[in-house]
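One chain follows as structure tokens, the form predicted alone.
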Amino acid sequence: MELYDKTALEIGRMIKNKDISCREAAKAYIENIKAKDGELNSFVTVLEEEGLKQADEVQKRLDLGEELSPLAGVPMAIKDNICTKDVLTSCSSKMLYNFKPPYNACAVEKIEAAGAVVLGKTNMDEFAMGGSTETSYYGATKNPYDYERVPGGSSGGSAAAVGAGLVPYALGSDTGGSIRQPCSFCGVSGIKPTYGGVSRYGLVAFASSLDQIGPIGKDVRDCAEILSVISGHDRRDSTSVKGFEYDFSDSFDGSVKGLKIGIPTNFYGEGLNEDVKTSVLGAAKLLKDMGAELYEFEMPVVDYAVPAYYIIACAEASSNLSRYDGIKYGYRSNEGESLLDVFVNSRSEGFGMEVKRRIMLGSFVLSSGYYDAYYKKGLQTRALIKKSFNEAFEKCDMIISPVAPTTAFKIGENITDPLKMYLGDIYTVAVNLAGIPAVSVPCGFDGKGLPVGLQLIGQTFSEAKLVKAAYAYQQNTDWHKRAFEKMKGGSL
């Protein structure tokens, strides 16, 4: 039975209607993982036996008439930095090569309670630090469109798995674009939620004021359903928002009439690939033809988002990663004669180069004599960026922009040039600094046949409005479906 081209909600309906059992769905995707992932390398851990057992348990719940989510019985995957009880959660790092958490992340608790069937943990940049999934201890993940190219990062494993039809949907995390950029590179859809909309309990911290868990799926309707399941207040996370629930009931009428969409003209200047620019502006024109109103303006302060982001993110990372000392858990070096030797050698051997680079940068900007010159200015710039977005949303409902300045680049092309890699985040990091939501959807292909993505950025907790526009766009285009035409002939 062909399942690779179906959305998670379509598979959920098939299970509910008894056209297919939970076990049959899980088995079909497991077979596809076995057939394709040896070369793709999107999974760190595959849970074949556990997944089939979980599928049987969900089937029993459904047969007993239990009311579950529309995603009940649908196979999925989880990024390797989201804790799963008794299942390896390594953040794709040697430092956590043997770490099996004694608890589930809040998002995992919720998705499993809703009837999800977890088939494995996906590859990622080490500790989510990277934009290509090349810094992983387990090796680079490939782009399903071209195995010589990267899938983006840091949630590259999740996006590649969905893009290749190995799972219908997956969970990722987004600190500076880590859901949106791989979605753009792999031709799939994703949502970076408002900060505080989804609990961070059980998400291994990179930069605590920026991290958010979010969904990756074949289309934005799947993503909205996943977000509905995993969101909500959690007493274990003081940053999760009380008294708010996502309501997407009015988001699927296919209309954008009356929506005012902003176009920041300085987002479309030097450094932006012409194919990307053409595709995103073409999407804006289509939305206008569908009834939306376009409004052009400038946001010059966002030009400072990349340096502000890397100062703040690295400062928080240097603090969060200080817990990995070779003593309590994780990797411990066998070399050294003193406690200090154990600390130094364990961290030197356990962390990769990109993680070390960010720890050193973060320690530097927090050090005496440099705190005011760098970290404090980074925080001040962050406040100005948030203010700039607030002013923009007084004049428009949302902003349309590219996700990345280019399409997927070749493996090894940028990994030795950190500055070039960091500048690839120019369109995404401001969203995390401001704590606002964004949706990424496919909007075309470049001259090499590689996917192009656009992002819609909105005010705090405006996900329903963003989904409304993205859904209407996908109802009038087929970019999000063309990806799966390439997967014909697979084992699903």
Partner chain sequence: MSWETVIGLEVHVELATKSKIFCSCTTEFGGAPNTHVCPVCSGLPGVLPTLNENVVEFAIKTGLATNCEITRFNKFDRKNYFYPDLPKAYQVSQLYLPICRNGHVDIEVNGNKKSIGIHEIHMEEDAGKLVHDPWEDSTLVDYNRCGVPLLEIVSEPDFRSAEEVIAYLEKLRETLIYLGVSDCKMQEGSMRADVNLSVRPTGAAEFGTRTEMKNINSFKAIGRAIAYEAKRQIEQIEMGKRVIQETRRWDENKDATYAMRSKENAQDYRYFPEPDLLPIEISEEWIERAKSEMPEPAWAKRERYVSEMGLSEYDAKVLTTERSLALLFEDTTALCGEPKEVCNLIIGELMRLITESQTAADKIYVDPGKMAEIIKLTVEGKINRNAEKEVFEALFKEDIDPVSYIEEKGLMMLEDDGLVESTVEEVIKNNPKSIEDYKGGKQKAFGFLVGQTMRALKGKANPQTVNKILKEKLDSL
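Fair warning: this is a prediction, and the values are worked out from it, not measured in the lab. Numbering follows the first chain given and starts at 1.
Below: the form predicted together with the partner chain, not depicted.
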Do all of 194, 392 and 459 end up near the partner chain in the predicted complex, with near meaning a heavy atom within 4.5 Å? no
Picking from 203, 355, 256, 305, the single residue whose non-hydrogen atoms come within 4.5 angstroms of the partner chain in the predicted complex is 203
In the predicted complex, the residue from 244, 329, 422, 295 with a non-hydrogen atom within 4.5 Å of the partner chain is 329
I'd like to know if residue 237 sits close to the partner chain in the predicted complex, meaning any non-hydrogen atom pair within 4.5 angstroms. yes
Can you tell me whether residue 363 touches the partner chain? I mean in the predicted complex, with a 4.5 angstroms heavy atom cut-off. yes
Within a 4.5 Å heavy atom cut-off, is residue 387 in contact with the partner chain in the predicted complex? no
With a cut-off of 4.5 Å between heavy atoms, is residue 333 one of the residues that contacts the partner chain in the predicted complex? no
Can you pick the stretch from 171-179, 67-75, 286-294, 194-202 whose heavy atoms fall within 4.5 Å of the partner chain in the predicted complex? 194-202
Go through 302-320 residue by residue and record those having a heavy atom within 4.5 Å of the partner chain in the predicted complex; state none if no residue qualifies. 315, 316, 318, 319, 320
